[in-house]
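The chain below stands alone and is given as structure tokens, in the form predicted alone.
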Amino acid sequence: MSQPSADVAVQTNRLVRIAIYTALIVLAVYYLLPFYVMVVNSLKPLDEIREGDMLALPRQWTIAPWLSAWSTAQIGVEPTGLRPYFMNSIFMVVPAVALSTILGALNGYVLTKWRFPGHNLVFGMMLLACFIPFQIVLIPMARVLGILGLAGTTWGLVLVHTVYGLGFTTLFFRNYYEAFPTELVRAAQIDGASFFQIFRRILLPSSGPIIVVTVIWQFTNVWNDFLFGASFADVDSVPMTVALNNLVSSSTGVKEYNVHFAGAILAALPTLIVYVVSGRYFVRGLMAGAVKG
């Protein structure tokens, strides 16, 4: 290839990269604009928001709306803020994510390495459960929680989210373990390893990518859930999303938009942190499952 042709190719590639990066920057700005509006207006006094320019930076910076949303906002009757409901969500999310991940891993292990008659039917039924709308299970789930004595409790919400998320976690682990060498499992059986020894010492150490995917997926779904929290929670077990809705709905007279923006960011902050910190591992885990499956 002659020198002029090589220079033209290099210049063309450079222009293509510039166009791609420009388009990506424009799209990123477009999608981040609502978040920017929320952050900026959560740091403004209410009088500045009433002036109408919601894109302008605050002339007077204040964290009073954040403090109000966290600890002194009016929710219902008592001025408690979002802080206790934040802890309710933590106490709900951590056990639900842990249980659904462990049970999903066990299901994937059984459905791929300990096949039994009808295992495909069982997997198909669990996969079907992923597509059942939330609204269909409300009345049966309420009945089950009442029978178990878990209605209106945090552990009742943990059970609901564990059961409903089990189809997804089983799907993730089943597809991931499908390509795992079965010869290793058979060799461990010959050596006398038990069911749980094989699972703990052979499969789990190699399951890091899919565990990250499952944890992020379940954490996001459980934390952001509103319907189950509004349907099954009691006063003492209300999660963050329901409390945020109550915060916005309970405002009478003057709407404190700066407080509402701050509360929305506080409610979304855990999932944002999870994706910022481990988002690249989420993508890697998805790719690993896709390649191996």
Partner chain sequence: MAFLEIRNLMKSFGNVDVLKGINIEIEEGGFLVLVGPSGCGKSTLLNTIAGLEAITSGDISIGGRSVAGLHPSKRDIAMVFQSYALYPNMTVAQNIGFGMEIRGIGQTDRDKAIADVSELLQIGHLLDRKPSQLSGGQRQRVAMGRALVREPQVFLFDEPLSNLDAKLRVDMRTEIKRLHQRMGTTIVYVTHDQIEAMTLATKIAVLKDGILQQFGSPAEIYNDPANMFVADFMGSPSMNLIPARIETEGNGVAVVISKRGGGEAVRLPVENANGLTAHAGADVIFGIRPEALTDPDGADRTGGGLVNAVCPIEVVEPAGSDTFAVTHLGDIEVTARLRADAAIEPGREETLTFNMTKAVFFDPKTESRIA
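Just so it is clear, the model here is predicted, and its values are computed rather than measured. Numbering follows the first chain given and starts at 1.
Separately, the form predicted together with the partner chain exists; it is not shown, and the next lines address it.
Though the partner chain is absent from this view, in the model of the complex it lies within 4.5 Å of a heavy atom of just one residue from 137, 184, 106, 98, which is 184. A heavy atom within 4.5 Å of the partner chain in the model of the complex is found for one listed residue only; from 188, 126, 159, 216, this is 188. None of the heavy atoms of residue 175 is located within 4.5 Å of the partner chain in the model of the complex. Contact check for residue 211: every heavy atom lies farther than 4.5 Å from the partner chain in the model of the complex. The closest non-hydrogen atom of residue 87 lies beyond 4.5 Å of the partner chain in the model of the complex. Within 4.5 Å of some heavy atom of the partner chain in the model of the complex lies at least one heavy atom of residue 206. Residue heavy atoms within 4.5 Å of the partner chain in the model of the complex occur in exactly one stretch of 126 to 134, 88 to 96, 190 to 198, 164 to 172, and that stretch is 190 to 198.
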